[in-house]
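In the form predicted alone, a lone chain appears below as structure tokens.
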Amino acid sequence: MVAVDGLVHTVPMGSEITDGEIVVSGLTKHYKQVRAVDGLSFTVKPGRVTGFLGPNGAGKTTTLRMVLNLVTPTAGTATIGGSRYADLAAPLQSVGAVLEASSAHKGRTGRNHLRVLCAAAGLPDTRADEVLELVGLAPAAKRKFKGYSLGMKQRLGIAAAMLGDPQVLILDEPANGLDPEGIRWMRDFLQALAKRGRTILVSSHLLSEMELLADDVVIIAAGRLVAQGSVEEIIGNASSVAKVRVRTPKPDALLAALTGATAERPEDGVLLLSGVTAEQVGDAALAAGVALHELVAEMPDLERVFLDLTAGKEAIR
């Protein structure tokens, strides 16, 4: 038995892989004149939620499809626990994946949709009800798929991915269509899985949510790696874009007292300073006898760092 998100569910079979590390090495995909992915390498560690980030057309979905052997690479490799996905003897028990909102026969109930998948994978029917409970869809188990909202379809897709109780979970834009409560549920659910040693790889455009959800991020643009590391490292390494916001009745006098600072003036009496710390600004103001009505160090967030790192990087042609 395994407890996740306050619920207990049965492990239907032992997972084929015990080490869920995902290793992408030199992965490349050319489509005629377009290089969708170009020599991409990164690692996704077990026990952590890794955010996979990039602008539209960056190659995220193509990369995930190559990891799952749905697309054949032009060059390079992608392994999960040391093996290609296509070589796993029982992939459902090793890797769960959702690359788009779940699709099912519109006249079939959510429960019956999952029972069909259970039969195909050799899992007991009871597993369908377990995963419906796990993702909060038990009250809608008997509702037909055509009546599901987009958020419910997302949850059903995750339920299908969890049928085999996999070590690795790969999700492409799983929060699409979820309301704020659903997004919070998703965050808690994935973090709980990671804390129990699962490997979680999630692509998303919701950068503010990814900052709350992810332990690590992989940022790509134009099919190439731009940055990889913990969220704290990525933001910390961008300290050069941090600014100090100052409101003072004597902005010119303050600037004259500072060395090495560049300033923006978004409004009267307000300076956005780069190249100096808040401590340096405070010391200079004291020495110059300049009154400060506001002094705030504005550290970058993940969204700001992402935009700076990917600015001007167009899709490869």
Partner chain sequence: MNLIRSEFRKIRTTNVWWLFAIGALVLLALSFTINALNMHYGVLHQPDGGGVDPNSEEGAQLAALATPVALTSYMVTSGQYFGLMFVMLLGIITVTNEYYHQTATTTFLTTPHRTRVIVAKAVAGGFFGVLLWVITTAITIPATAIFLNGEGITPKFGDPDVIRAMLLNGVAYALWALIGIGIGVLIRSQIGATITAMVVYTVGTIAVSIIVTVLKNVLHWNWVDNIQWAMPSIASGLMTSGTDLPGQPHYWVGALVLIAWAAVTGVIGTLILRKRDIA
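Numbering follows the first chain given and starts at 1. Each form is matched to the other, and the largest set of C-alpha atoms that superpose within 1.5 Å is called the rigid core. On a predicted model such as this, the values are computed, not experimentally measured, just so you know.
One more form of this protein, predicted in complex with its partner chain, exists but is not displayed; see below.
Contact annotation: of the candidates Ala97, Ile234, Leu178, Ala221, the single residue with a non-hydrogen atom within 4.5 angstroms of its partner chain in the predicted complex is Ala97. The contact residue chosen from Met210, Ala104, Ile158, Ala194 relative to its partner chain in the predicted complex is Ala104, the criterion being a non-hydrogen atom within 4.5 angstroms. Look at 27-35, 245-253, 267-275, 47-55: in the predicted complex, residues with non-hydrogen atoms within 4.5 angstroms of its partner chain sit in 27-35. Under a 4.5 angstroms non-hydrogen atom cutoff, its partner chain in the predicted complex has Arg108 among its neighbouring residues.
Contact annotation: Thr72 falls within 4.5 Å of its partner chain in the predicted complex, judged by heavy atom distances.
The shortest heavy atom separation between Pro91 and its partner chain in the predicted complex is within 4.5 Å. Interface residue remark: Ala120 is counted as part of the site for its partner chain in the predicted complex, having a heavy atom within 4.5 Å. For the stretch 288-309, the set of residues having any non-hydrogen atom within 4.5 angstroms of its partner chain in the predicted complex is empty.
After superposing the rigid core, the Cα of Thr77 is displaced by less than 2 Å between the shown form and the other one.
In this overlay on the rigid core, His205 has a C-alpha that sits less than 2 Å away from its partner position between the shown form and the other one.
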